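Shown next as structure tokens: one chain only, the form predicted on its own.
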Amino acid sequence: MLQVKNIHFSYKKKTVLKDISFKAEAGEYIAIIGESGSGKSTLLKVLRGEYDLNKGQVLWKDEDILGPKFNLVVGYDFMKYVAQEFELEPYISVEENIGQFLSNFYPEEKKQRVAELLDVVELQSFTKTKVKLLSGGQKQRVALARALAKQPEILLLDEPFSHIDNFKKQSLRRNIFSYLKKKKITCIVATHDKEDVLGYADKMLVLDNNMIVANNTPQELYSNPETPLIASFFGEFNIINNEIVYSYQLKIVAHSNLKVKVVQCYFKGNYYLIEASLNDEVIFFEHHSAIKKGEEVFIK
């Protein structure tokens, strides 16, 4: 179990994390969300032991995770961290990067392990390709496979699919998160993308003003967003009569006390997102077809 107990961290006298506490069980996936600069990446680095804490404690299975004041080499063997900078060896092949830290005393096991991970990150056809020839998204997938190579107990991921194009992103998420669950690897992910969270995360931490302002399941936070920050992570929303209402929750009706004027119409595939004006306030709602600019309709 990962235990984060009342941690505080400041960088050059600027508070970055304040009173952060949470737990993660073996095999659990915790998503960390928040606006840019909220401390998501810093929290991952603190969990890794990259920084010294001003206050508090981080434990993995009752072992203290300590910073550079106590460890000459940052990090722990049971934990792997994949940053947005991939730290790969550019002049050797994909398979050599993945297997770089696996023992050569068992060549057949090493070969099988590398092949398994190439399958997980869908890079089977790039086995012999030098990393310098890969795209940014392909390099990110190599970094993920390399982090998994020695079967860590805990994996820290910072925007793990940010460089990967949409053609691969969905299947890769399913592969990675299913693999982590199967192997009971605890996973902490800092992300801006709701698709990294919905359907996969067990818990979701929301950072704001250097603190955790929400800690619950994605389902609960989606269904009952307590703040505009939480609602904005999941999609377009409105505040009507001091209530947070998602765009999909508003429908056109024959008559209501909410009369709006259409400002713009955006095609979204299986629906249109309608931007409208309500008492000089901008609101959004969804509709199955386009609506002409300037048209007035009632919504509920």
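The numbering used is simple: start at 1 and walk along the sequence shown. Not measured: the values here are computed from a predicted model.
Although not depicted, the form predicted in complex with adenosine-5'-diphosphate is the subject of the following passage.
Novice: Based on heavy atom distances of at most 4.5 Å to adenosine-5'-diphosphate in the predicted complex, which listed stretch, 56-64, 234-242, 33-41, 255-263, is the contact stretch?
Specialist: That would be stretch 33-41.
Novice: Just to confirm, Y29 within 4.5 Å of adenosine-5'-diphosphate in the predicted complex by heavy atoms?
Specialist: Y29 lies outside the contact set for adenosine-5'-diphosphate.
Novice: Taking adenosine-5'-diphosphate as it sits in the predicted complex, is K14 in contact with it (heavy atom to heavy atom, 4.5 Å or less)?
Specialist: The answer is yes: K14 has a heavy atom within 4.5 Å of adenosine-5'-diphosphate.
Novice: Which residues in 134-168 have a heavy atom within 4.5 Å of adenosine-5'-diphosphate in the predicted complex?
Specialist: Heavy-atom contacts to adenosine-5'-diphosphate in the predicted complex: nothing from 134-168.
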